[in-house]
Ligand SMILES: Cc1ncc(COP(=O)(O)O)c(C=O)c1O
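Here we start with a single chain on its own, the form predicted alone, put down as structure tokens.
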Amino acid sequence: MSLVVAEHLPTDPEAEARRGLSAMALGIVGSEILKIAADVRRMQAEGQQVVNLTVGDFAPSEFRIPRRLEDAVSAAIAEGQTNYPPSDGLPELRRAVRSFLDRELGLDYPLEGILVSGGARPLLYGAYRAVLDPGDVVVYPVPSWNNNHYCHMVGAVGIPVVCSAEDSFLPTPELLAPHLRTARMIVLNSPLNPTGTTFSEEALRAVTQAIVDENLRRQQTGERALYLLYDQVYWTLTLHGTRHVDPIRLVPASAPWVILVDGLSKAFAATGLRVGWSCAAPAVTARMRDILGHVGAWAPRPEQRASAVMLDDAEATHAWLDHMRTEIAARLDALYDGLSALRAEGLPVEAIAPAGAIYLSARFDLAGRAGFETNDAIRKWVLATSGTAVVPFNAFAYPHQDGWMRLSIGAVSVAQCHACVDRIGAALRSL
């Protein structure tokens, strides 16, 4: 006879749970984007057509993974490659990552400095855990992805630096300079999620050199080092001649204090395969490896084997990335050109030219009008009137209510991009 567990649970489970949970768990905030997805699902359930520009993911119907990668995953499973991988990643994949970075970026990392994990997220969290103690200061720009949540989980003091459209929502050296003395880690991302913008060589060199100078000062005083966590998971998806820059190539002396985070997920539309890697000084990598090893955050062995096969095939990799950039640019350009035409018509909308990743920054300049007091109100109006689902920058810790939104193209076709611009134009004209 089965035990009906529900009969033995508290009648007020939320109140009872709160009595026993940690302060960190009670204070954590779920994904703001998933909350927006509920509105999308409701409209779709009602039979309404929605162009979903919310998810930072790829729909396989639009972006299927490379056949070379797909076949290699199947082959690895057929060979019985289904047991635990090493905690730092399969040696053949770490060697393939090393060769890939050397071949494409001119970065020849020691093999001991390369760590493989189940996507980039565990590596970001592992870097936070490896570097920071409770109360340490983390400086990060906003809008940006998840830094506020990681700070909460590790007990760090987050210092958000609010960036502006005039600077492509990226932090300038002048914005970061006042925080260098007190910070233990600075977190940067380029191409940037949520904006699709990228660092210039001049700006990133200045920031990186300032971090080196601060660490040289700290070496004289015995203070703990200042690290730069540099998330470049979208670096292969730069567009229209934009050149990706990384801190170590610009300032080689920064190598001891830079943690690079990268992965297969975005470059190969393989978000579900969960293969990411980081590059750092071997001593830092060893601590991240041990932290993530205790929570089993490694990538599955078949996907690791397949990733090594893919990365080692330079011809297939280049052909795929050319294809990805072409498809992404077609969608982002359709949105950007369409919204720019609406702006030229005098309608209250604007966008920043896309430079990389799968995102477009667009502003619906409706704040302050009747019924539009918040970005979420604008977001809901865009969804209701044009069937276009977007994400306010506030989901990325941006504090202003000025109409800026993230538009993500990974789950839509070029035709859908054109159609949603037409509907947005009609909605704006109706005002």
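All figures in this text were calculated on a predicted structure; none of them were measured in a lab. The numbering used is simple: start at 1 and walk along the sequence shown.
FYI, the form predicted together with the named molecule isn't displayed, but the following is about it.
*Asks:* Sort through 260-268, 316-324, 179-187, 243-251 and report the only stretch with a non-hydrogen atom within 4.5 Å of the named molecule in the predicted bound form.
*Replies:* The contacting stretch is 260-268.
*Asks:* Please check if A120 has a heavy atom lying within 4.5 Å of any heavy atom of the named molecule in the predicted bound form.
*Replies:* Although the named molecule is absent here, A120 would touch it in the predicted bound form, with heavy atoms inside 4.5 Å.
*Asks:* May I ask you to state whether N193 is within 4.5 Å of the named molecule in the predicted bound form, using heavy atom distances?
*Replies:* Heavy-atom contact with the named molecule at 4.5 Å: present for N193.
*Asks:* Please run the contact check for Y234 against the named molecule in the predicted bound form: heavy atoms, 4.5 angstroms, yes or no?
*Replies:* Contact with the named molecule, yes.
*Asks:* Indicate whether the named molecule has at least one heavy atom within 4.5 Å of a heavy atom of W145 in the predicted bound form.
*Replies:* Yes, contact at 4.5 Å.
*Asks:* Scan R331, R274, R289, R305 and let me know which has any heavy atom within 4.5 Å of the named molecule in the predicted bound form.
*Replies:* Contact check passes for R274.
*Asks:* Considering the named molecule in the predicted bound form, which of A156, C279, L228, L124 comes within 4.5 Å of it through any heavy atom?
*Replies:* Exactly one listed residue reaches within 4.5 Å, namely L124.
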